[in-house]
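Here you get one chain, nothing else, as structure tokens; it is the form predicted alone.
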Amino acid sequence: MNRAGFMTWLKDHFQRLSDDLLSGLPAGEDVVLNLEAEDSLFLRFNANRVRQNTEVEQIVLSLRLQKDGRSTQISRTLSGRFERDRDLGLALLREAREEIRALPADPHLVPLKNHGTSNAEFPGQLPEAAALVESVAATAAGSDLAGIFASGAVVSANRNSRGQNHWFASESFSLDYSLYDGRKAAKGLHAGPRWSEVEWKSNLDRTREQLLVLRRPVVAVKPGRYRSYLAPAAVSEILFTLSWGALSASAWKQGQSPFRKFADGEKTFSPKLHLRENFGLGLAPAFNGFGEVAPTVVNLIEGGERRELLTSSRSAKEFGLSSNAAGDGEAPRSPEILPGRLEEKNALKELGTGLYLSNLHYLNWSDPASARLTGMTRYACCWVENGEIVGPIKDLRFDESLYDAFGPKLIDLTTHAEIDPDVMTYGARQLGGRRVPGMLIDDWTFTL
């Protein structure tokens, strides 16, 4: 398959296949088809050399059958050959019919409807493998670079027996890398729809500057509370953690949400905090697995106050709420924290004395009832005095309630916000990501 024609070919393949599978269904049966696919180039770097390269083309079809108040879903990988895929799809339908007979009725089942038609494509300008290797190796000469480059098309499509038809395709690249100096490492991420030599060099230069800072003597920082600046990558890690039920209507109603007190109106955040789902960023499709289309913007937190929770049609039916077309898991797919008034170039000056946190990891809820989050600092995190970086710190563990950190302790957010795309490649390349600014927070609590 020619990589340039993958999206065009796949769109025709899916339309033909779904036409066959959705036609002639008996009365009382409804089917929704979801297609997830990629055509990707992967290059793994170590010591600034390519150690592994491969191309992956995979297509996964998911078929959900509704009948007699029951529902079941089955998925299989397709071959890309029409006759074989049609036979496989028909076999899935037969398997679903057998399985559904043994299932109990679902009291919260939402019948399929026609949620319209949409078509969104975001073509990119991606480098060929040879050109990319030459560019990275030449620009990073003299550095110990390790990482993984992934590029190509990622597709999500949906059709159902009621007539809806949605298509979303995006071409992009990501180079998720680190620069090493012995055991010390500085983290970098270069990603987007179009490869640029100038932007890549600028990105690499910033990471090299961080690595130079790590050569300074380590500053011993004891556990305590410190004024802290969280770079966008660190804020993005926190925002990702909110996917674990914090913004879910179902988790709230079942008493499992870390933001339960916020959803109940007992707690609020800082008036400076604005969080929304923004499908206008083009990071993920606005339609979910049922083909329901969310508004382009769903305001979740405005000025620290609750506006909406992510609510699937199933949760809406079960709990008497209004759906905003969230997915089954009610996790944000394209979240955005709006910028503030702090100029990024003045971040260290406004920090004064405290901690600069470039990255966080191992995040988890330490006390969900109080929205208390724990995690570790990572990579180039530094001690700052009078607006100047003194040196790197040893890793610290933090434990902080977001009601405090995103509440009265939130000093400001930067005017600059960065898109942090999802670079997960476990099983398949993923759509989605987050757009976040940096945050200046007072008295961030470190326990170890």
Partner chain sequence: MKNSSEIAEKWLQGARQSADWVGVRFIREKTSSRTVRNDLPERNQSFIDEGAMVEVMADGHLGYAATADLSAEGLQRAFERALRTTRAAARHKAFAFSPAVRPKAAGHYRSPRRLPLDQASLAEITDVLTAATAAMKISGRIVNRSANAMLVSTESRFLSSNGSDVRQDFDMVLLNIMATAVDGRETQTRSSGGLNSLGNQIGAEIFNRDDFRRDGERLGREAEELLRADNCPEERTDVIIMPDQMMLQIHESIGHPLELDRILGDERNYAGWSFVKPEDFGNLRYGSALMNVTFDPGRHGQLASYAFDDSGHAATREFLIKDGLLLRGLGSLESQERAGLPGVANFRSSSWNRAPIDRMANINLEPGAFTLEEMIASVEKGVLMTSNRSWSIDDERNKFQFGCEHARLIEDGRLTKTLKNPNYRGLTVDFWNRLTAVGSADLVGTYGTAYCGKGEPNQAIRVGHASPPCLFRGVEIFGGAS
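Here the structure is a predicted model, which means the values were calculated and not measured. Basically, rigid core = biggest C-alpha set you can superpose within 1.5 Å across the two forms. Positions refer to the first chain, counted from 1.
Beyond what is shown, the protein has a form predicted together with its partner chain; the following relates to that form.
Colleague: What stretch, of 303-311, 211-219, 198-206, 131-139, brings heavy atoms to within 4.5 Å of its partner chain in the model of the complex?
Modeller: After filtering at 4.5 Å, what remains is 131-139.
Colleague: Do residue 57 and its partner chain come within 4.5 Å of each other in the model of the complex, heavy atoms counted?
Modeller: Output for residue 57 is yes: heavy atoms within 4.5 Å of its partner chain.
Colleague: Please check if residue 344 has a heavy atom lying within 4.5 Å of any heavy atom of its partner chain in the model of the complex.
Modeller: Judged by the heavy-atom cut-off of 4.5 Å, residue 344 is well away from its partner chain in the model of the complex.
Colleague: Give a yes/no on whether residue 376 approaches its partner chain to within 4.5 Å in the model of the complex, heavy atoms considered.
Modeller: Result yes; residue 376 sits at the interface with its partner chain in the model of the complex.
Colleague: Taking its partner chain as it sits in the model of the complex, is residue 411 in contact with it (heavy atom to heavy atom, 4.5 Å or less)?
Modeller: Taking the distances in the model of the complex, the answer for residue 411 is no, it never comes within 4.5 Å of its partner chain.
Colleague: Just give me the single entry in 114, 75, 125, 119 that has a non-hydrogen atom within 4.5 angstroms of its partner chain in the model of the complex.
Modeller: None of the other options qualify; the answer is 75.
Colleague: Any chance all of 5, 23 and 162 sit within 4.5 Å of its partner chain in the model of the complex, going by non-hydrogen atoms?
Modeller: The answer is no: none of the three residues contacts the partner (heavy atom, 4.5 Å cut-off).
Colleague: Go through 104-123 residue by residue and record those having a heavy atom within 4.5 Å of its partner chain in the model of the complex; state none if no residue qualifies.
Modeller: Stretch hits, in order: 104, 105, 106, 107, 108.
Colleague: Does the C-alpha of residue 281 move 2 Å or more between the shown form and the other one once the rigid core is lined up?
Modeller: No, shifts by less than 2 Å.
Colleague: Tell me whether residue 51 is among the residues that move between the shown form and the other one (Cα shift of 2 angstroms or more, core superposed).
Modeller: True for residue 51: a C-alpha shift of 2 Å or more.
Colleague: Is there a C-alpha shift of 2 Å or more at residue 339 between the shown form and the other one once the rigid core is superposed?
Modeller: Moves: no, less than 2 Å.
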